Ligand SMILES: Nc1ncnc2c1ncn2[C@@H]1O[C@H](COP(=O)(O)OP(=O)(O)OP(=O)(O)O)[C@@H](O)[C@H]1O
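The data below hold one chain only, encoded as structure tokens and taken in the form predicted alone.
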């Protein structure tokens, strides 16, 4: 008999709903369609529909009772595989504990690998955000933390600053950029060379075994892994958080690291919220996310450093740019080179130079057809638009599709929720309007 806890876990991994899980659990106990219908107080056709959805999510082919038999066999094999993995990796776990650098910490420095992490010698405030992340990772020992926000808002700089502040709390700190979209196999092999150089991951024939190996290392050591720029493995033209083809296994890794007890933490930065974070995060969960907003008035330090004048107009510039550090730097270059540093003259002539609109266009061009339809409608409004009005205006689009698009756009930080509805940041609206002229 498969334990219900395992069934719950694997069902969650395959996005099986609670209603579908009820039917699946009873089916796995050998109950007939009729008995399942009676116990759940639903019609037999409803039971068949729920199980049909489960078959699709587990990619089970066939007809009639054959599909249920195949699914049962598949789940039993998955459970046995996990049990075998736990036994097979017990020795690896003990070896990792015996060689754990925490026992040697008094005799040598902790292992730090910054790879291509940028320099953050110039850093603007973020005191509250640093305190929050420090508490989640160091004090509450969250296993998965995501720093999210629109491009250029400073996610990478914040996580570098944080990691430098807390690096002594860890036996290993490993920073990796995902900007080149390495395959998960490449990334795991890279981590293996650091965490256990004598181990050749190719001896583990399946990805499941390689992930399990990594988990044993992170359970035995106190590690901080930082994966920067997760959006590079996410698919353009799809709703936010959808993995590129052949990169869905990253979702499996993130889910396992979030769910398995561990001494370690994984810190992600991304312009889009991945499904594992959206599914598992919570106020008391070991999975958290921090949405990073602009610098607001603290951006004045940035403009001052850039040597701009016309200080009475700085607040207007900061508000229009939502305090986005990178966009303000791009604008500052134009202000210096064309307007002799005078922000007032810049605002009187233009607001978003090509360097800014080109940067924003890179993010807008990743939208799905559905998101593009919704964001164009929002951009056409002079005032905030409420969801119900959006549904009315886009009558040809289903309500659920509109809701999915709004959620996705919010997760990309391309629209904002205010008291009276949804609005678009000025720079994004400029790009939308230019593309639709």
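These numbers come from a predicted model, not from an experiment. Positions refer to the first chain, counted from 1.
Unshown form predicted in complex with the ligand; subsequent notes refer to it.
Here is the short version: of 300, 329, 176, 256, the single residue with a heavy atom within 4.5 Å of the ligand in the predicted bound form is 329.
For the candidate set 111, 124, 243, 79, a heavy atom within 4.5 Å of the ligand in the predicted bound form is found for exactly one residue, namely 124. Comparing 143-151, 67-75, 217-225, 185-193 against the ligand in the predicted bound form, the single stretch with non-hydrogen atoms within 4.5 angstroms of it is 143-151. Interface membership of residue 287, defined by any non-hydrogen atom within 4.5 Å of the ligand in the predicted bound form, is ruled out. Proximity of residue 247 to the ligand in the predicted bound form falls outside the 4.5 Å heavy atom cutoff. Contact check for residue 325: a non-hydrogen atom falls within 4.5 Å of the ligand in the predicted bound form. In the predicted bound form, residue 157 approaches the ligand with a heavy atom inside 4.5 Å. Of all the residues from 255-277, the single one having a non-hydrogen atom no more than 4.5 Å from the ligand in the predicted bound form is 271.
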